[in-house]
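Here you get one chain, nothing else, as C-alpha cells; it is the form predicted alone.
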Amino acid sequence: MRKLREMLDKADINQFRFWTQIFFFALFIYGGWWALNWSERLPVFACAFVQDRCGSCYLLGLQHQMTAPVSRMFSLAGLGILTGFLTFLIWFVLLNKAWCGYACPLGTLQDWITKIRSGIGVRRSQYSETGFKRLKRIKYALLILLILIPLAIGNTIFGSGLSHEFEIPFCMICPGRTVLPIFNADFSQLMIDFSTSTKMILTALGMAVTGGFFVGAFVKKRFFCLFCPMSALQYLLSRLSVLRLVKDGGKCTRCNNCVQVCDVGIRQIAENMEKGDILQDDCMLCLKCVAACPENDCLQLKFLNIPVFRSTDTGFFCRMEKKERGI
C-alpha cells in the first residue's frame, strides 16, 4: 500500500490525462464503429449529430423534454424526465467536474488546439479578473435559456407558443454540432440552412459560434468552457459528488503555482485559505494544481473522503525533474 501511495504521489497527471482524453474521445466519437451503441438517452457528451457516436448529450434530451406541457411533466410521463435526470446525475456523483477535464470531446479538442498554439510558439492571452467574472456568468444565462425556450413551445407564453424549430436552441448554436461530426468525415453541419428564417438564424449563429470556438481556443486555454451550460449544470450538482478537491489553507504558502498552471486562471484556489472543498464553477478537475503544489497534503483529490491524489514535496520535485529532463 505504501508503494502504491508513493507511485500515485509521483504520478505524471498530464500524461494520464492525455491518454484518458484520447480514450473517451475515441469512445464517444467512434463508439458506434465498435458496436458500442449505448442508449440514446445515455447522458454523456456524445453529440447527437455525430453519426457513429456512443450515447448522446444530456442537454439534447433535456431540451426535448422541456417542450412538453407542464401538466404532462407532473403526470406519469414525468417519470421519464426524472429517470433521465437521475441517470445523468450518477455520472456527476462519481466524476464531478472531472468530466470536463478528462472526458468531454469539446474540451479535449480545445486542449489539442492549445498544444498546436504552444508548438508554433504563439503566446496565449489571459483574462483580467473583472472580465473573467463577467464572462463566467454567460453559461448560467445559456442554461436558463435552453430550458425556458423549449418550455415556451409546449406552454403558451404571452399568448402564443414558439415554433418547434426552437426545440433544441442550444444544440443549434453549440460548436459540438458543427465540429465533432468532422471527425467522422461528415461536413453536412457546416452550413447555413436557408429553408426557413428561424433555421437560417440559428444555423448562422451556430457558424459564428464555431468560428469563435476555434479563434478563442487558439488564444485562450479552454475558452468555450467559460460559456458551456453543461459546466454550469455540473457545478450546481457538484455538492452531491463523492469526488472532491479539498485544500488545507493552513499549509498554503501562496506560491501561486496553482494559478500559474490553471488552464482558466482560477485565482480562488490560491486565495482561499479555508480548509475544505474548494471546487470552483470553472474548474474542470484536471488536477494540474495538485501536481504543481509543493506542500504536503495542501491540495488533495478525495473519493468518498479517501485521498486519491495529493500534493507532496517529493511528487512536486520528481515532476519538476522530469520536466527539466524533457521526459
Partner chain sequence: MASEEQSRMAQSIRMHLAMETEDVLGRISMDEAPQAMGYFYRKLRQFFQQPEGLGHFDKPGIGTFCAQVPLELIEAAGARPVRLCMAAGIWDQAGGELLPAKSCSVVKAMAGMAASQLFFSGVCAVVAPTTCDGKKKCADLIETMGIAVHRLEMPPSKLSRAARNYWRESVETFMAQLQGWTKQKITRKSLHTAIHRRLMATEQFRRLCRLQTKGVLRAVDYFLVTQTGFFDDVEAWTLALSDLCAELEARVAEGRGIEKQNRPRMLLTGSPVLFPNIKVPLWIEQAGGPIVTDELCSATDMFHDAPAYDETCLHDMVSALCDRYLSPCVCACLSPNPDRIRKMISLCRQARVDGVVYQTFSGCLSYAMERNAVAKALADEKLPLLYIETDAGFEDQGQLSTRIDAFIESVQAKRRNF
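In this text, all values refer to a predicted model and were calculated from it rather than measured experimentally. Residue numbers count along the first chain shown, from 1.
There is another form of the same protein, the form predicted in complex with its partner chain; it is not shown, and what comes next is about it.
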Quiz item: Using heavy atoms and a 4.5 Å limit, would one call K221 a contact residue for its partner chain in the predicted bound form?
Solution: yes
Quiz item: Is there a heavy atom of H64 lying 4.5 Å or less from a heavy atom of its partner chain in the predicted bound form?
Solution: no
Quiz item: Should F316 be classed as touching its partner chain in the predicted bound form when contacts are defined as heavy atoms within 4.5 Å?
Solution: yes
Quiz item: Heavy atom to heavy atom, is G78 within 4.5 Å of its partner chain in the predicted bound form?
Solution: no
Self-check item: Candidate stretches 23 to 31, 53 to 61, 290 to 298, 277 to 285 - the one whose heavy atoms come within 4.5 Å of its partner chain in the predicted bound form
Solution: 290 to 298
Exercise. Would you mind picking the one in N256, T198, T87, N184 that has a heavy atom within 4.5 Å of its partner chain in the predicted bound form?
Key: N256
Self-check item: Residue among A232, L146, C252, I173 with a heavy atom within 4.5 Å of its partner chain in the predicted bound form
Solution: C252
Quiz item: What residues of 261 to 282, in sequence order, lie within 4.5 Å of its partner chain in the predicted bound form by heavy atom?
Solution: V261, D263, R267, E271, M273
